[in-house]
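Here you get one chain, nothing else, as structure tokens; it is the form predicted on its own.
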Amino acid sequence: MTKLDANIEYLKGVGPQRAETLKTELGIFTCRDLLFHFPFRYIDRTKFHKIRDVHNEGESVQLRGTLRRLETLGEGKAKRLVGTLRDETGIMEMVWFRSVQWLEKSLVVGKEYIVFGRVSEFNGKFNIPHPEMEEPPPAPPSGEAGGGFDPVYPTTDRLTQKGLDAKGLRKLIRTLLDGLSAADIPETLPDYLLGQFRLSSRWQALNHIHFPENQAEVDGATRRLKFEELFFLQLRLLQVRTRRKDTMRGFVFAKLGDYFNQFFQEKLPFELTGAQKRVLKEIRVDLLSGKHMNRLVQGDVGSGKTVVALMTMLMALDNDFQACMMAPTEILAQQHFEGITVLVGELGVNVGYLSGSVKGKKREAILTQLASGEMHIVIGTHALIEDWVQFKNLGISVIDEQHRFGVEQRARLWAKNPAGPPHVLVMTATPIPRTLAMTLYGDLDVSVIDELPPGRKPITTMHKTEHHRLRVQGFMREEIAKGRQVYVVYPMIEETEKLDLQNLMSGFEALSRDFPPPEYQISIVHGKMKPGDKDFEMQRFVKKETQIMVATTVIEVGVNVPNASVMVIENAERFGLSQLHQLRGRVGRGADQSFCVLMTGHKLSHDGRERIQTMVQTTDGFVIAETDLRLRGPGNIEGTQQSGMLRFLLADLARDGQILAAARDVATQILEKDPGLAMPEHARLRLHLASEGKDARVWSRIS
């Protein structure tokens, strides 16, 4: 066992009690975990703001002054601790709402402190809520140079009470590093990579990230450690992909026959876009290669993914294989079934529909036809993966909105053909930034449909506040008078579900007063309804029996109503950008000009205002996804929360796209030249992958 694998309890200054707190609060079990618990900022002892120079709300400041006053105000939940810091230029108020009793005991009036925090304004005066407080470190002895930077580590109230605040953690890490040598932290990257990218050694980077002398050392260490993190992630993902391609044989679809050619030449109702043609070519190359296809097709709502999927399924039919398409909801599966049945019209293609609600003789007939090969294409929900669904010769599985299905569910489709796994084509209408796609889907081949079909009118998006309510309602009446339909969407956030449901119901009641029957009919749909009731209400809207649908985000993926031309989103500031974009995609599906109205309160946060402005300014899903990634971070982008890969120690996908792209390029080159990493210069890579392999957080089967 190496020094770094030693239990944290045995590091000098820790012991059983502190070790237990480090484990429960920070997940630090070993000395290695502590070494990789990185600072999130540094105190630059050479740079401080003067209180009189603080002018902007929201700016982060570092002050140095004397604590002059400290008192507890209010009671119960309103209890707060208020302190005053004074320097030679003025005073700044500080306020804490948590850990009041402990802070009262810890802070000493009359002592000097370094204070760090974000400035807030209240009643026309600046203050700093929940500042970080630290006593200034002692000056270095005469003649000794003092480092200008002190690391500040993520900590918690419980740790601070055990003496493990930023200063306590700093002391432990100093003790740990003093007991290590370069031999204890072996290099993981080949020398030629260190030279090519001008990276510092691992030993130097870990020393500099914890105890830098200046900003240049911080930057150099951070760049080296981010590169390492992203490089090994990409190397693992690409190894999985290479291994799969080399070992998994795929059915060869050699022919383009009557089904495909007749559809393309005679039945296709519109000209394919350049992007659709490019993606079909990429799929065709996969299906001729003899290797198993695992391809993700990304495209905005309305970009024509379904036609690409259908033409891919027709390639399977031309080669005597069957195809299936799986969608996450009955209404979406039904929609695909109806649309595809119309498209293949007189081609002699037998298309079936299967879901949990298809029962009795109808189900038996479909299962019999699938087993005999008489049914060419089946479209349905997750019912398709049940054991009782047997195919004669399944050649391709299309999965729509893949993030709605678990890895296990998708893998079960592979078992549907004993002769070998069917090819997999995965579709998503959630535009994913390139950096995120490289990480989430690094082991898939990714195709992007980044063009909308000609003639589609862009949706006009407007931002309105409560002042404009009557005008918005007038606009809704005008559109309904033209025979169009309207969505009104309310947020549904889990933590406030009860309150949100009340808002939805009161919104429904208000609309019922403003749009009274019999002239107007209103549908209502929300997540608490029974599936049957939900489908009934949606179908009423689809059949134009109602003009307005009041709903929560359950309509985000699903219903396609070309006649719906207006989407009003209430409390739009409470939605993420990707969600707003997905919702907006429910309109603009017909030939009419469509509109999206974003209703918000008057007061918006900086991020909230940027989200709304982005929606008004662009309908490009990829621009929106990049902005969303920058504002919210990858862990909140829809469908990505479950990916452990996104829990990086240092790397940040919103900011480190260039490092990620460089890491992926060089990982690709290495594996092309040396797939088994057998060359002497790649011994370090092989060793590191082997030692970290048991902990590698990689989704290796996103298919």
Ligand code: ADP
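This structure is a prediction, so every number in the text was calculated from the model and none was measured. Residue numbers here begin at 1 and follow the sequence given.
A second form of this protein, the form predicted together with the ligand, is not displayed here; the remarks below concern that form.
May I ask you to state whether Pro453 is within 4.5 Å of the ligand in the model of the complex, using heavy atom distances?
Pro453 belongs to the contact set for the ligand.
Verify the contact flag for Leu272: yes if a non-hydrogen atom of it lies within 4.5 Å of a non-hydrogen atom of the ligand in the model of the complex, no if not.
Yes, Leu272 is a contact residue.
Is the gap between Thr306 and the ligand in the model of the complex 4.5 Å or less for some heavy atom pair?
Because a heavy atom of Thr306 falls inside 4.5 Å of the ligand in the model of the complex, the answer is yes.
Are any of the heavy atoms in Val566 no more than 4.5 Å from a heavy atom of the ligand in the model of the complex?
Val566: no, not in contact with the ligand in the model of the complex.
By the heavy atom within 4.5 Å rule, which residue out of Val301, Met94, Val426, Ile340 makes contact with the ligand in the model of the complex?
Checking each option against the ligand in the model of the complex, the one that comes within 4.5 Å is Val301.
Select from the listed residues Arg295, His526, Arg224, Arg589 the one whose heavy atoms reach within 4.5 Å of the ligand in the model of the complex.
Only one listed residue qualifies here, and that residue is Arg589.
Work out which of the listed stretches, 264-272, 483-491, 177-185, 591-599, brings a heavy atom within 4.5 angstroms of the ligand in the model of the complex.
Heavy atoms within 4.5 Å of the ligand in the model of the complex occur in 264-272.
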